[in-house]
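Single chain ahead, by itself, as structure tokens, in the form predicted on its own.
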């Protein structure tokens, strides 16, 4: 079937920053076939959606998530990172079943679809349940089992991760891309990281890892190995694969040689890093060195929401504050990081509305009071927009939400299931 959306504004986010007013986007078989003014394509379609006050734009790619951690939203807020993990999160995670993780991931899927996210990179466990949730929800997923090297002396978990990749590669109409995910350098010693790097090369898999996330990590790794976390990871061969570096707030200028030639990039998680007092990504340092930068939320247990509008605001505010320059980081920089930036880190051709691009797009309702007047649509979206402004979400050409109603699954049933499941996680 061929579909078309006509709207008051179409933001392509192509390299030229083209905006059509009014505009249209048409797609067929999951691929955009036409973008332009409202009159630019008169070919017949099977379904036309008219949103006269809407803003059509690329959907968001959430570059770092632990989706099932929606189950822990609001648990032990305002705690330091390692206290939060060791005393509150990890003990409860030990109680989770695969069904719990499926339910938590579906809850995350509902929140992401509602707030304009079309795909996410996830690191967790019981990943078959996560993959099934991706398949059922209609989202895209770059999925990897979190590996704790200190708990995998014989490499059994690494082998299971490779098997997961074999099972799910190209499943769900190609919407699932498996990866390998060594958790962090403080849980995965260098020989284990080297094992993961070799497995990734052998099986042509990307790598998703937490790196340079906290002051404590930087201090501990440097003291133990005489190398920064980035240098240590580079030494193990991790960066010879496409690598998604989550956080990166403590990347130093001296780390840049280790990042030279990196395939992949860094995913900023500004809300989580601010809330946990971890630090602020050195965006300008990385940008000037040519390191691709995307945007993610981290899990809802630390960031509370999976709303990428919130992440765009936080990234812009914090970069301005870090540099002391209000014009050093612009609204369009945040918008590109949440779309094309993350897609580039993942090696995916999404994040813009151009002919031949994946039909991953959203429609924002421009009739909201907080989005008026429209002096600058980009500034309005980044600095005033919220996830609930999204009224349509389309992934791979499939309409997952129409007029604010999720089409791909029963959202209310998922929420009821989650409420019943969290009872066994309480102390």
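All figures in this text were calculated on a predicted structure; none of them were measured in a lab. Residue numbers count along the first chain shown, from 1.
Missing here is the form predicted together with another copy of the chain; even so, the following discussion is about that form.
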Check your understanding: Within 4.5 Å of another copy of the chain in the model of the complex, heavy atoms considered, which of 137, 303, 339, 161?
Key -> 303
Check your understanding: Since exactly one of 275, 203, 227, 284 fits, which has a heavy atom within 4.5 Å of another copy of the chain in the model of the complex?
Key -> 275
**Study point:** Contact at 1, 32 and 364 by another copy of the chain in the model of the complex, all three, heavy atom at most 4.5 Å
**Key:** no
Review point. So in the model of the complex, does residue 388 come within 4.5 Å of another copy of the chain, heavy atom to heavy atom?
Key: yes
Check your understanding: Is there any non-hydrogen atom of residue 349 lying within 4.5 Å of another copy of the chain in the model of the complex?
Key -> no
Review point. Hey, in the model of the complex, is residue 325 touching another copy of the chain, heavy atoms inside 4.5 Å?
Key: yes
Review point. Any chance residue 415 has a heavy atom within 4.5 Å of another copy of the chain in the model of the complex?
Key: yes
Study note, to complete from the structure: Note: another copy of the chain not shown here; in the model of the complex, the stretch from 48-56, 24-32, 395-403, 371-379 having heavy atoms within 4.5 Å of it is 371-379
Exercise for review: Determine the residues of 88-111 with a heavy atom within 4.5 Å of another copy of the chain in the model of the complex and present them in sequence order; the list may be empty.
Suggested key: 92, 107, 110, 111
